[in-house]
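Given as structure tokens, the chain that follows is alone and in the form predicted alone.
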Amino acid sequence: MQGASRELDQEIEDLQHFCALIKKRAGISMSSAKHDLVRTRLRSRLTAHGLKNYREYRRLLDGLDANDPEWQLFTNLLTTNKTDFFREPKHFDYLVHQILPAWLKTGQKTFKVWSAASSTGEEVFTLAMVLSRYLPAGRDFKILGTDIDTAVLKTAQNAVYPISKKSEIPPEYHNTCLDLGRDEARGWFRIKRQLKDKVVLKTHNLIEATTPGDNVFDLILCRNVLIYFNPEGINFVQKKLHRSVKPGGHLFIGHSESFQGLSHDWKSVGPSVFKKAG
């Protein structure tokens, strides 16, 4: 019994170590309540390397170069990527009825958006659908999608989704934005090329100091990401996003997220909608 208890204590220590690693690498805070999730998601790496336990995997990681591909696999497994087309639709209503009319009056030609946690691509392609529908002739848009998880970015780059997700997209977008699969591709749909070509996808870590560009975006979406960060991490990210949006530009965060308790320069203009002074 003592041996089993010692093994359990050792495994708990290893799981805590993995939680500390993902916090350091991606800013994701995982409490002891997430140990079962960590245990389940990392089990495939033990199998892949023929390891007996999590201590052996911990030792393997400790011996790797910082650029070893195993680190990216570790990160991919411990990030969460739940997303849908037209998720939190009030944000897109706000974009259409508030942001775009004001932006059109500025005379600018290209509306620039950053989806700061683009996951498998539903958010960036929702943006592309909305902007293509509501921007008038002579105005264009560009969308940057970034994520720390390279696996989900590959899905986004393919822009192919199961037909079950078609129901998430309002019918008025189906003919103009989707190509339905035929024959062996039946059961799938693809985002039309003219929309896909407006989107650039890149790997990016939100807790790194680098930004995709200072004061270049009219709108940034960083939704349902901050819930995984502690207050220090949230503060770091919101300052980084503030630097990256143009004066007068906007930020959308998730409806379950807030900047409450933080000192920040954003102006709240709607539920989970913020504006940079300018």
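Everything quoted here is computed from the prediction, not taken from an experiment. For every residue, the number given is its place in the sequence shown, counted from 1.
Unshown form predicted in complex with a small molecule; subsequent notes refer to it.
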property	result
Interface membership of Ile148, the small molecule in the predicted complex, 4.5 Å heavy atom rule	yes
is_contact(Ala128, the small molecule) in the predicted complex, heavy atom dist at most 4.5 Å	no
Contact of Val225 with the small molecule in the predicted complex (heavy atom, 4.5 Å)	yes
Proximity of Lys198 to the small molecule in the predicted complex, heavy atoms at 4.5 Å	no
Contact assignment for the small molecule in the predicted complex, among Ser132, Asn158, Thr176, Thr80, heavy atom within 4.5 Å	Thr80
Single option in Ile169, Leu144, Val152, Ile99 placed near the small molecule in the predicted complex, where near means a heavy atom within 4.5 Å	Val152
Interface stretch in the predicted complex with the small molecule - options 181-189, 100-108, 159-167, 81-89, non-hydrogen atom within 4.5 Å	81-89
